[in-house]
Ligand SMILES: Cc1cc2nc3c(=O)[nH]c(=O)nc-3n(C[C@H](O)[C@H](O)[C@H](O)COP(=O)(O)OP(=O)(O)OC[C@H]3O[C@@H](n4cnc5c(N)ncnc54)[C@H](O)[C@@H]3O)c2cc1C
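Taking the form predicted on its own, here's one chain by itself in structure tokens.
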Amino acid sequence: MKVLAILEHNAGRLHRMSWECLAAVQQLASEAEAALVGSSIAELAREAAAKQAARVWAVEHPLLENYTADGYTAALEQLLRKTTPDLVLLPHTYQTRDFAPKLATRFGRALISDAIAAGPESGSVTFVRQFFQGKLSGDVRAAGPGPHFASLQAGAWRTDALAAGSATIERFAPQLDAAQIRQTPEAPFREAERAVDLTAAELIVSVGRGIGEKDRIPVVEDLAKALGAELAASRPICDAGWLPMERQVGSSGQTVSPKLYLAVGISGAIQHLVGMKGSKTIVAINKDANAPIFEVADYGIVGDLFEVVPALAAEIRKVKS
């Protein structure tokens, strides 16, 4: 199966979700390709070509210097008609949500959006999507000839699975005219500035409602300090105002993929798991042996967090000293 990853870039850097998208392509494709769209993107193409793929397409034109849905759609439509991939994967970003449905419609296809998993099945690919804010999951498979289109949720694929390589770089110059582009480029959308960017943290200690009271949060905060980790929380903690909303992990918070995610007193509701299941190592501490968090944890401690957490923090300090 020939699969093409559309790699997004901003301010001269490849978006971190582009690497996750390329990791998914390497997993699913017998022939992996990638494409970047813009102007003067040779250096970004060389960066992408250092990963395992058959080729990297540099789709360049002066009218693509700034993103517009019309420009990207027209350029990528021409590339796809030339390269004829079976499947096109994109990171589920604001930019993808803007232009990808339009691109898919050019081929009479729908966009399978925000997939959390995918796997080959009967010569095709089955995607897993969530519904009703993560309460249900369903399998979705595109029917008919390609190209088919899917966007991938942040954190669903690990970038540490990316294989290095030496891909061929091919330049593609689409035929574009200024009259085709109806939008006036504006500054890219930016979320409100956060005091804490949990997506960049390598170590996270997260607290859930098992803590019981706001005054007890320093017990978990002390463990985070001992580890040198960021403190995070599940939604009930942030909704109650015990920690700021910017520290929330989950479907309505931040999606993280640290090297270590330590969940303290978190039962493991699906809305929370969506935001942290891409973590490399997950450790759970919970007094309920049947808590769903243990289903995704690499290591689990069944016990009273008020006994386990202080003892763990003390041992960590002892090892570090």
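The numbering used is simple: start at 1 and walk along the sequence shown. This one's a predicted model, so the numbers in the text were calculated from it and none came from an experiment. Rigid core here is just the name for the largest C-alpha set that superposes within 1.5 Å across the two forms.
One more form of this protein exists, namely the form predicted in complex with this ligand; it is left out here, but the text below deals with it.
Chemist: Only one of 143-151, 71-79, 165-173, 93-101 gets a heavy atom within 4.5 Å of this ligand in the predicted bound form; which is it?
Modeler: The contacting stretch here is 93-101.
Chemist: In the predicted bound form, which of the listed residues (109, 158, 225, 235) lies with a heavy atom within 4.5 Å of this ligand?
Modeler: Exactly one residue meets the criterion: 235.
Chemist: Please pick, from 267, 66, 27, 52, the one residue with any non-hydrogen atom lying within 4.5 angstroms of this ligand in the predicted bound form.
Modeler: Contact residue from the list: 267.
Chemist: At 4.5 Å between heavy atoms, is residue 304 in contact with this ligand in the predicted bound form?
Modeler: Yes - in the predicted bound form, heavy atoms of residue 304 and this ligand come within 4.5 Å of each other.
Chemist: Even though this ligand is not shown here, does residue 83 get within 4.5 Å of it in the predicted bound form, heavy atoms only?
Modeler: Outside the cut-off, so no.
Chemist: Does residue 126 reach this ligand in the predicted bound form if we count a contact as any heavy atom within 4.5 Å?
Modeler: Residue-level check for residue 126: no, no contact with this ligand.
Chemist: Does residue 286 reach this ligand in the predicted bound form, with heavy atoms at most 4.5 Å apart?
Modeler: Flag for residue 286 set to yes.
Chemist: Any residue of 238-269 with a heavy atom within 4.5 Å of this ligand in the predicted bound form counts; write them all down in order.
Modeler: The stretch touches the partner through 248, 249, 250, 251, 252, 253, 265, 266, 267, 268, 269.
Chemist: Superpose the two forms on their rigid core, then report whether the C-alpha of residue 294 is displaced by 2 angstroms or more between this form and the one not shown.
Modeler: Comparing the forms between this form and the one not shown, which are aligned on their rigid core, residue 294 does shift its C-alpha by 2 Å or more.
Chemist: Is residue 151 one of the residues whose Cα moves 2 Å or more between this form and the one not shown, with the core superposed?
Modeler: Where the cores coincide, residue 151 shows only a C-alpha shift between this form and the one not shown that is less than 2 Å.
Chemist: Under a superposition restricted to the rigid core, does residue 237 display a Cα displacement of 2 angstroms or more between this form and the one not shown?
Modeler: Comparing forms between this form and the one not shown, the residue 237 CA shifts at least 2 Å.
Chemist: How does the C-alpha distance between residue 159 and residue 270 change in the predicted bound form compared with the present structure, closer or farther, given a change of 3 angstroms or more?
Modeler: Relative to the shown form, the pair is closer.
Chemist: Out of closer and farther, which fits the Cα atoms of residue 24 and residue 255 in the predicted bound form compared with this form, where the change is 3 Å or more?
Modeler: The answer is farther, because the C-alphas of residue 24 and residue 255 separate from each other in the predicted bound form by 3 Å or more.
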